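Below sits a lone chain in structure tokens, taken as the form predicted alone.
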Amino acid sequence: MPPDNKNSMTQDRLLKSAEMLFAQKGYDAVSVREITNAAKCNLAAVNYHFGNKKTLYLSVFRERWMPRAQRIRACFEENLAGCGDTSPASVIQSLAEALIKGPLTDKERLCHFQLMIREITNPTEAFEIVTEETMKPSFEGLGQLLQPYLHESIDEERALLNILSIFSMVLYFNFARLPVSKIIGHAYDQPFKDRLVQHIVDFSLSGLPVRENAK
């Protein structure tokens, strides 16, 4: 195997193993030795490919977390284009479907949100990367889509709080699948996901201060 390919495969194994361990345990609880053992490579590999543990952690977000976030964003945009309009109902439905119905696998989804929850509760430089490169642009984009439909009296802060409220509900129903399933009484099968998306749309529109006939 050519050296470049071997190095690329080792780097990829390190990223995958590090992501899994960081998601499960958090940054401080994971040692470099644990990562290299899981990746089946020698201890010096982290220094060779990333310099140190901190750079490896940030690389997990840049090279694995961010691309997944981009896939979700692309799914949202594709869903919205398929709706044929940018009404509040279409925007909310497209967002809910992108997060709840795809494109991430269950394993990807769990790892993705575990990493984010750890950053929210114990932020590092990775939180700044996610905020500046993903969260802010996403919320600004949603705001631009919804702003034409909001009541004229709604100021920027309240508009952002409304968007955050919708996004928080979608995130909860996406991440808290086990407790929701226990309470509802059945699994997240496709019919339930469809009903859940519609519930999110209906519930959000009830609280969103839109103009008359804008929904």
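Numbers for residues come from their place in the sequence shown, where the first is 1. Take the two forms, superpose them, and find the largest set of C-alpha atoms that agree within 1.5 Å; that set is the rigid core. Keep in mind that what you see is a predicted model, and the values were worked out from it rather than measured.
There is another form of the same protein, the form predicted together with another copy of the chain; it is not shown, and what comes next is about it.
Although the partner is absent here, residue 78 lies well away from another copy of the chain in the predicted bound form, with no heavy atom inside 4.5 Å. Although the partner is absent here, residue 202 sits close enough that one of its heavy atoms falls within 4.5 Å of another copy of the chain in the predicted bound form. Remark: residue 162 counts among the residues lining another copy of the chain in the predicted bound form, judged by a heavy atom distance of 4.5 Å or less. In the predicted bound form, at least one heavy atom of residue 196 sits within 4.5 Å of another copy of the chain.
Using a 4.5 Å heavy atom cutoff, none of 41, 65 and 107 lies near another copy of the chain in the predicted bound form.
Heavy atoms within 4.5 Å of another copy of the chain in the predicted bound form belong, among the stretches 65 to 73, 172 to 180, 32 to 40, 47 to 55, to residues of 172 to 180. Residues of 117 to 134 that come within 4.5 Å of another copy of the chain in the predicted bound form, judged by any heavy atom, are 117, 118, 120, 121, 122, 123, 127, 128, 131, 132 in sequence order. With the core superposed, residue 161 shows a C-alpha displacement below 2 Å between this form and the one not shown. After superposition on the rigid core, the Cα of residue 57 moves by less than 2 Å between this form and the one not shown.
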